[in-house]
Ligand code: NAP
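Here we start with a single chain on its own, the form predicted on its own, put down as structure tokens.
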């Protein structure tokens, strides 16, 4: 119920996304006239906060909304019947200034939950209660995907244990505590669809708030008793005769134990094992040094000479945050990073937004859609390689800097944004404008803080190769040296060595790490032949480089896994694994698709997307809508079953 007076409501409206607010008026009144007049968005851009409208139009919209909300409040906040599906589709189109294709509407409706239903939860038959009790599951990891797995398993009534190497929930959002650490997907979308949050303090929240969100979700779902904290999985071994996994763990005291499970869900992710650069002499440095994902907060960087080796996503956030407090920061970067403008990257969420999410019908759900849609599948358009396109740099025999006309347009826009911040500093422009196609590597979001930091007199960007590290600092191949007090390695993770250092042994003694090497593969990124009842979340080929969020992907994956568990339990099955032919066909199709995208361009060097042989096995090349459709429920014909003459129908 809305209890605020007129003045408080008017003040709240100053903070809102005006287009989102107008859709809420449709829900309050049942009248679509609010989106059929002259007040409408003038365009759509990623990460919008208030809406792309002239200021006078926004003021007119606020005045209309104030009258409607007052009437809604005074009438007891009673809503008319919900909009029809046709009207909702019209509302979607109005909000994004384009037609949302029909194939996307079911996915978007499911994510928005306008009907109040968590449609991604799998329904179980009452006849399987006893069978579920006899089907224990071990979940490895309690980051966002492991937490999600625990929620779904508890809802299903399946006994489970989550094993987490850290002392608290959050995974990457627990481990990465470096200065400036924050998410680069809008928080109102980067959250579980069924667990929206009305009190984000920033549109792109920092690490402590993100970790607190996952902790709150863990506690609300009362999952603490199911988690073994500060315990690491050493191995998982399949026993074919018993159709069981034996999961060996070691706790903080060094004590090793074994857990028996009918199924294992790996939720360890791809970005959880730090990667240090192969620089000679790292161990010889006389001062403190550490990886960005293991930031040592006992080390004071104030008034110190700091070397930051690596300037990808983490270094991009660290340097602007610490620069003003240090004596000097030297940034060592192999390749420049493309960035695109996001003026709201460090912006606070106004109190009016939080009020609107709590009080205006479906404001939060429509704002989630507004963040989701422009970051959905449109990014694949700029990533697609046009085989008939020849960039002028190709003709000159130089480094190709675009792979299609659309990609070249992105290059020009990103370049203009970068150059606009640097004035006539030709030397810095030469260092920071990349010489490879845009979106080929992870594209960073910029509100001006990065380049402002690089322009400081006490910050230097070095693009020359490092020869070695010695006791006093960093020495370049040119012989130039930098004496420093602290070295931070912001050099990423061993993304292509998935599930390391665990030993996973499947049917017939097959060792997963030996089969994979640096070419991990799984059907839909979830299941592998010879590893029955072993399921991956954020597995091979599921990292997103073109849009969406990993939480969305995790929700797709756990629904699919739940469907597999349902098939086993309700069909009295012992084990299931994908057919080799199905797995191989998917792998080959994925590799063919990846070759058509800019991430595979031979002009891109030093990309963590690629393995040591220049091949990509960690990214998804698929549209989100396709992956969503493929994972809504498992096609049981894709699997081999070890069963007892059972009926494996999914009811």
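Since the structure is predicted, the reported quantities are computational estimates derived from the model, not experimental observations. Positions refer to the first chain, counted from 1.
This protein has a second form, the form predicted together with the named molecule, left out of what is shown; the following refers to that one.
query: residue 335: heavy atom within 4.5 Å of the named molecule in the predicted complex?
result: Contact with the named molecule, yes.
- prompt: Quick one: does residue 183 come within 4.5 Å of the named molecule in the predicted complex, counting heavy atoms only?
  reply: Although the named molecule is absent here, residue 183 would touch it in the predicted complex, with heavy atoms inside 4.5 Å.
Residue contact check: residue 313 to the named molecule in the predicted complex, 4.5 Å heavy atom: Answer yes; at least one heavy atom of residue 313 falls within 4.5 Å of the named molecule in the predicted complex.
query: in the predicted complex, does residue 493 have a heavy atom within 4.5 Å of the named molecule?
result: Within the cut-off, so yes.
task: Verify the flagged residues 20, 93 and 188 against the named molecule in the predicted complex: is each one within 4.5 Å by a non-hydrogen atom?
output: Spot residues vs the named molecule: no contact at all.
message: Please tell me which of 178, 203, 213, 373 lies within 4.5 Å of the named molecule in the predicted complex, judged by heavy atoms.
response: By the 4.5 Å heavy-atom cutoff, the listed residue in contact is 178.
message: Can you work out which of 259, 271, 432, 521 has a heavy atom no more than 4.5 Å from the named molecule in the predicted complex?
response: It is 271 that has a heavy atom within 4.5 Å of the partner.
task: Select, from the options 277-285, 226-234, 146-154, 452-460, the stretch whose residues sit within 4.5 angstroms of the named molecule in the predicted complex by heavy atom distance.
output: Looking at the partner contacts, the answer comes out as 277-285.
query: Which residues from 516-535 come close to the named molecule in the predicted complex, meaning a heavy atom within 4.5 Å?
result: Sequence-ordered list is empty.
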